[in-house]
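Take a look at this one chain, the form predicted on its own, written out in C-alpha cells.
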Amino acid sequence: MNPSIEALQAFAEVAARGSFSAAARALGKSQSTLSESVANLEIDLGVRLFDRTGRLPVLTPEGVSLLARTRQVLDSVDVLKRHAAELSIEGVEPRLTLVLSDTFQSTSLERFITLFAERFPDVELEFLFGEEDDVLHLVDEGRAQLGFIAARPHYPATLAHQRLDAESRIGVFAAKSHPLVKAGVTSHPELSRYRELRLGTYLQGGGAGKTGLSWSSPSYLMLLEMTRIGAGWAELPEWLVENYGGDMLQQLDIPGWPRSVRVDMVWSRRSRPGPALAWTLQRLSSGGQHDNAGDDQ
C-alpha cells in the first residue's frame, strides 16, 4: 500500500512536536487515530520510525533519514495544490489576510498591492503585523492565510514555507543621547548594564526566560520609539531605523552585529489555497519579476 499524505503529515507532525498527543491536537485528530496512522505508515514503509520505549517518541535513525524525504513530499504536494488553485476560475476567497513582520522589507510589496487590486478587485485584502511565534499561531489557527517571518530551520508539519530572496539586517541601536553611546560601549557585558528593549511575542510573554533589566513589546516599531526616547537599547531592523529613526539613533559596534536575517513565507497545509492566495504566493516568491497583471493570467 502506498503511504497516504495524511500519514506522512502525521509522521512529520509527531517529529516536529515531539509527542503524539501534541501532534494530534495540532492536526485536530484523536491521539489513537494519529498513532494508528503512524503505525500503518511504518508497516507500509517497512521500517520503524520512532522508538516508543521512553515516555516520549524518539526518531530512529531510519526515521531521521525519512523525515527529510517526507517533508519534500509534503512540499511537492503543496506546489501541486497551488498550481491547481492558480488554474481555478471559481471559488475566489472573499478575504485574504497577510501577517507582515518588520524583518520583511519587500520592494515589490507596493507593486503587489497594485496588481492584486487589478486581479482581485472584489477580494478584501487585510494586513496584520506580528513577529516570531505570533505569526505562526495566526496562520496555523486560520486567522491569516499567509505570514512572513524571520527564517527558522523547522516549522510545524501543518505549515508550508518558502524562502524569499528578501534579506534583512538587524543591528543594535541606542539613542545618540543614551549614556552607553557616550561611553562608547562595544561589548555584550557592557550592554548588560543597561536596559534592553527586547522583542516579546504575545504567545511567549515579554521577558519569559530572560535575565537582566528589560522592557518588551511585540512590535519593532514600539521598540524603536522607546529607543528613540532613550529608554534603552534594542536589536532593530536597519531599514526600519533608516525610515523611521529620525536620525536620532546610533548603531553600536558590537561583535557579531549587524546580522543578516532571511525571510520565509508560511501558510497552512490544512486546506487547498484559494486562487487569491495561490496567485499571491507565486507573485511574492518570484520577487515581483512580472510587471504586467496579464503575465499571471
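Counting begins at 1, following the sequence as shown. These numbers come from a predicted model, not from an experiment. Rigid core here is just the name for the largest C-alpha set that superposes within 1.5 Å across the two forms.
Below, we turn to the form predicted together with the DNA, even though it does not appear here.
Enquirer: Any chance all of 93, 113 and 271 sit within 4.5 Å of the DNA in the predicted complex, going by non-hydrogen atoms?
Expert: No.
Enquirer: Would you classify residue 260 as touching the DNA in the predicted complex, given a 4.5 Å non-hydrogen atom cut-off?
Expert: Contact check for residue 260: no, nothing within 4.5 Å of the DNA in the predicted complex.
Enquirer: Is residue 36 close enough to the DNA in the predicted complex to count, meaning some heavy atom within 4.5 Å?
Expert: Yes - in the predicted complex, heavy atoms of residue 36 and the DNA come within 4.5 Å of each other.
Enquirer: Evaluate residue 57 for contact with the DNA in the predicted complex, applying a 4.5 angstroms cut-off between non-hydrogen atoms, and reply yes or no.
Expert: Yes, residue 57 sits close enough to the DNA in the predicted complex that at least one of its heavy atoms falls within 4.5 Å.
Enquirer: Given that the DNA is not shown alongside this chain, does residue 65 nevertheless sit within 4.5 Å of it in the predicted complex, heavy atom to heavy atom?
Expert: Contact check for residue 65: no, nothing within 4.5 Å of the DNA in the predicted complex.
Enquirer: Could you tell me which of 226-234, 23-31, 262-270, 244-252 sits within 4.5 Å of the DNA in the predicted complex, going by non-hydrogen atoms?
Expert: Contact criterion met by 23-31 only.
Enquirer: Would you say residue 53 moves between the shown form and the other one, meaning its CA shifts by 2 Å or more once the core is fitted?
Expert: After core superposition, the C-alpha of residue 53 moves 2 Å or more between the shown form and the other one.
Enquirer: Once you line up the core, how about residue 30: does its CA shift reach 2 Å between the shown form and the other one?
Expert: It does shift by 2 Å or more.
Enquirer: Would you say residue 11 moves between the shown form and the other one, meaning its CA shifts by 2 Å or more once the core is fitted?
Expert: Yes, residue 11 moves 2 Å or more.
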